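In structure tokens, one chain follows: the form predicted on its own.
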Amino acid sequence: MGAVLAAALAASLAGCSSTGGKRAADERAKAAAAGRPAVSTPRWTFAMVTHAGDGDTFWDIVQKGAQEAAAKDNINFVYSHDDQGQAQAQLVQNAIDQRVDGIIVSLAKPEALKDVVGKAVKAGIPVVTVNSGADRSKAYGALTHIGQDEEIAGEAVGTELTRRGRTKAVCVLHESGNVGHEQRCAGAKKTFGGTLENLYVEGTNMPSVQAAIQAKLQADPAVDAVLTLGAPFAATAAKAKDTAGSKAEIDTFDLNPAVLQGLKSDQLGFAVDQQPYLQGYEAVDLLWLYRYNANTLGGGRPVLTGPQIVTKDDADALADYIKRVTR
């Protein structure tokens, strides 16, 4: 009899749990469909401050993820950016002065951000770092870092270039002082079976970028691979290749519609996806979890969102996501 009662009780509890879980999931889905928050926590304000330059489509995807998580979590989301380290630091200071409830910041130029991130932490504002600066995040007092390990991503590129039989590559760095870019090229050089050179260009001037890559390809016909570190630069590199009459393969970090089309048409060899949507979404979600329940993720280590090597074979499967600006 005891066994029978225990079994009946277990079945009853399982049924209640299942029904409750389904009901909660249904309510969250209805709220999302109606554009309402899925939670009843206070309307906190989170500020995201990045090193993005104007027109960088990568950061549009990061923002998309952050905005969608913010809508779900009842968060007032505020975004600002500047590609100059000191100006970015001032934007973080503005967020501190406005007494926001959480700050998300990229650390492409970590030394410029060190003091102001420390001020935020001292003021009791939780900080999550994203995209760049994984090796400084913990030391600066951030809860966690979300993004890809740039050197590991570079190593994946070097391995892929070697697998493709390339022997001489150029790594195009478009943002002066960005430590993440340096780490990508260093990682690629570490695992590449051929030789790799860095080419520094002025990323805010696309005609100048094209001219610099073209000149390099014309001066050294042995170059058989050009690696750009951002999606907008891939098409420019492809134009430089055509003008120079080079047969070099063009590869890139990050995705956008033009990169997708380039992969499908064989204009590009491969792209490295670090899932920027996930970086924005998880940054907001993790700050919400911390404010609501003192939760953290990563166990003191970065939460990795990449790298993933994307080729022509993957293009069709990702097309719809890229079209809606989530990949």
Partner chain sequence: MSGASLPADERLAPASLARRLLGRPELGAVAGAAAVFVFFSFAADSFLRAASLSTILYSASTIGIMAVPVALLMIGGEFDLSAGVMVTTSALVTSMFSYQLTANVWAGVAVSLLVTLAIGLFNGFMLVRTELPSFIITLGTFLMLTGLNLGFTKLISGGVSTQAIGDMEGFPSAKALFASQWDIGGVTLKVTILWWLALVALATWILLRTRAGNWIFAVGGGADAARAVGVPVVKTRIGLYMGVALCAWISGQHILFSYDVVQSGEGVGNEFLYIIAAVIGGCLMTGGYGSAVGAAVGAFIFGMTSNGIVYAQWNPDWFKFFLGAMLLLATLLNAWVRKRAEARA
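Residue numbers count along the first chain shown, from 1. Here the structure is a predicted model, which is why all the values come from computation and not from measurement.
Keep in mind that the form predicted in complex with its partner chain is not shown, yet the notes after this line are about it.
By the criterion of a heavy atom within 4.5 Å, K168 is excluded from the residues contacting its partner chain in the predicted complex. By the criterion of a heavy atom within 4.5 Å, Q90 is counted among the residues contacting its partner chain in the predicted complex. For S208, no non-hydrogen atom is located within 4.5 Å of its partner chain in the predicted complex, even though that partner is not displayed. Contact between N178 and its partner chain in the predicted complex is found at the 4.5 Å heavy atom cutoff. Only one of D242, E111, E197, D220 comes within 4.5 Å of its partner chain in the predicted complex through a heavy atom, and that residue is E111. Interface residue among V121, V78, A71, A212 relative to its partner chain in the predicted complex, by the heavy atom within 4.5 Å criterion: V78. Of the candidate stretches 233-241, 186-194, 158-166, 94-102, only 94-102 has residues with heavy atoms within 4.5 Å of its partner chain in the predicted complex. Remark: all three candidate residues (D54, Q86 and E182) come within 4.5 Å of its partner chain in the predicted complex, counting heavy atoms only.
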